[in-house]
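Presented below, as structure tokens, is a lone chain in the form predicted alone.
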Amino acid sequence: MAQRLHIAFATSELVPYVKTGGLADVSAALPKALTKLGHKVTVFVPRYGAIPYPPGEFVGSVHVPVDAVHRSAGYYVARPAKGLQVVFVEHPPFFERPQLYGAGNHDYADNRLRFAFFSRAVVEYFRSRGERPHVFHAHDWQTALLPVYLKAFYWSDPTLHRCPTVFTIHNLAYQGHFPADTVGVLGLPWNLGTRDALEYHGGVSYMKGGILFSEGLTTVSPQYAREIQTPEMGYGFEGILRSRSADLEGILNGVDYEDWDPKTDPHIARNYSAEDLSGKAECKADLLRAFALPVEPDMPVVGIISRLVHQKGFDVVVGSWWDLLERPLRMVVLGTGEPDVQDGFRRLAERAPDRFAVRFAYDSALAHKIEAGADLFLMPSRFEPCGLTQMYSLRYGTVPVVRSTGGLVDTVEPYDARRDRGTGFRFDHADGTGLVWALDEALAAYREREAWQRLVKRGMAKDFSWERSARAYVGAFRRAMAKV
């Protein structure tokens, strides 16, 4: 019988408590999938101000050495499922704030201390209890110092000796850059400030530490694992990642079908399935009413649920406003983002209020309604490490229109009318020409109703469940354990 693992999972976001992006969804779904395979998972997340107090049972506090100031972490434990516990790390001066990473468009000035503290607090939780997990699993720059701390201060510790780490890159564009004095402020050994360690362009990069000091590296799709080793998508880290290519694995994120399945979704007007699609028309009418758009005449609805930012390609969408107005479609938009992109969508809705509607907010129930009620789902991303909403869309019979990048390549097969195959539409170039071409292809396919139904059903038959991904992560954990 295979060894049952105890995985210490450190993340800066976790559904249903706090979320800014897909990391929060992964941090909830992957641990749950791992426990279903028989493993034990302890998830750590900061106790932000948005998380109600107390979030769980208080189990004590520990001194956490992070800088010259004496600081302690309080720990609160919740046990939402068998084999799964969530530990909330509390330190009000750092985390009792309205936002996770910054106010407005500016990061908090002490982020280097906030997330260094969190990373070390995760390690100190186990050391103070005399408990050793089999492996630490750290995510993105916010927890990237965790393997650095393990190597610098705990490698010979009686409890945590030679404890391995798997580090997952969710988005390489955010690297945790801080001033060069960070190594000294954190009390790290001087040699960690060198080019062979954390130094990066005269400063310090936490992301670099996670990449260099972890036994195993993963990212969130096979295509993204290839892309981040190129100058175009490596953000300056392509050389470092190529040097560790033997340890880098792309594991596609999964979908939690307990939350995202039109057969059982409590948020939609009527449940439906690939065997009986009749409820989708009712969901479409309900969606249009939710956005105060007319139900008649019938025309395809394009849904968008996203951060409305340049990275996601939505400046291209609003820049194509004239072409969109000329097409027989409606569009509903849910999300918040950069001011110029929001203004572009607002003007589009003002020009054709009977066909375009926007909601600048995050609304989980409305997101489910869009997945169920739209005919097409638009993701024109400049880069997309994995993406989850295109996989939700496939299960809901909402055909994705995506740019050929990252996980979108791994999950959306281009439609081929002649061979009657494929699950969606892809375009190569992040510009208006490519976007409008793909939409035109989708609109033409939509008019062929029988072929469209087959296209929809092929997408709904795809299985992106977390069990497959969780098994791949267990393999990565075991390989990391074998290296120490």
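In this text, residue numbers run from 1 along the sequence as written. In this text the structure is predicted, and so the values were computed from the model without any measurement.
A second form of this protein, the form predicted together with a small molecule, is not displayed here; the remarks below concern that form.
Among the residues T159, S243, N271, S364, the one placing a heavy atom within 4.5 Å of the small molecule in the predicted complex is S364.
With the partner removed from view, the residue among L329, A152, L113, L388 that has a non-hydrogen atom within 4.5 Å of the small molecule in the predicted complex turns out to be L388. From the list 194-202, 355-363, 314-322, 179-187, the contact stretch for the small molecule in the predicted complex under a 4.5 Å heavy atom rule is 355-363. When the small molecule is considered in the predicted complex, V341 lies well away from it, no heavy atom lying within 4.5 Å. Under a 4.5 angstroms non-hydrogen atom cutoff, the small molecule in the predicted complex lacks Q142 among its neighbouring residues. Residue contact check for W260: one or more of its heavy atoms lie within 4.5 Å of the small molecule in the predicted complex. Interface membership of S214, defined by any non-hydrogen atom within 4.5 Å of the small molecule in the predicted complex, is ruled out.
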